[in-house]
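Shown next as structure tokens: one chain only, the form predicted on its own.
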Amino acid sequence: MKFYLDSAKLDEIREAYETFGIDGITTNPRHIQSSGKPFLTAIGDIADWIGKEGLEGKEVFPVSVEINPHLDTPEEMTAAAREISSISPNFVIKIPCTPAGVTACRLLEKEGIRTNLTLVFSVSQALWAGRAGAYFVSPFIGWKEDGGEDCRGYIRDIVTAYKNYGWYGRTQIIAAAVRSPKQIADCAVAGTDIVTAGLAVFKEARNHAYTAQGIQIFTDAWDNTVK
């Protein structure tokens, strides 16, 4: 399973890459807003950082960048996608999983522009992403679990459906809006390709209170051992 960082802040991206060896980045309009930069500046800075790290390439270190959410026709969506994708070969275009978005996804993939159908909240929506040949599909986890749903089964069913029709691996499944170490573990057990989460979630997942307690116990024993 690959780990992507959900952020548009360069300091977080650098730290996540150096500490966790993240495999890619996902952004959305809220992340751009949090970066404090205009849209084109924020994504341009990420593209520059990728260049400095030697990560350029269509199959290396994907960065999902979302189109303007006001756009609601396939023609508008594809035009925006072409403009954004021209900035960096690493950019994958995030498009909402709406009827217009699915149509735009199919057209863009035929042109060789990689897409990420996002805001997916059901297995039936994920099926449309697979049929359209999306490079990524992003089923959301945190929002659904906030509403009381069990998301391990949700992701497992998408994985099973994709395997049934030969889409597994062709359209990679990004478990998105992941907010806890438990959700990371659930997605791994369910067989998702990728988990994307904020830096704080990855830090939390790396730690455990018993590990800290055990280190303290062993440190005390070491210090009190007869020399």
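Please read these numbers as outputs of a predicted model, since none were measured by experiment. Residue positions are given as counts along the sequence shown, with the first one as 1.
Omitted from view is the form predicted in complex with a small molecule, to which the following refers.
- The stretch that touches the small molecule in the predicted complex, counting heavy atoms within 4.5 Å, is 171-179, out of 171-179, 157-165, 46-54, 186-194.
- Interface membership of Ser35, defined by any non-hydrogen atom within 4.5 Å of the small molecule in the predicted complex, is ruled out.
- Contact annotation for Arg30: at least one heavy atom lies within 4.5 Å of the small molecule in the predicted complex.
- Arg114 falls outside the set of residues with a heavy atom inside 4.5 Å of the small molecule in the predicted complex.
- Residue contact with the small molecule in the predicted complex: Phe140 places a heavy atom within 4.5 Å of it.
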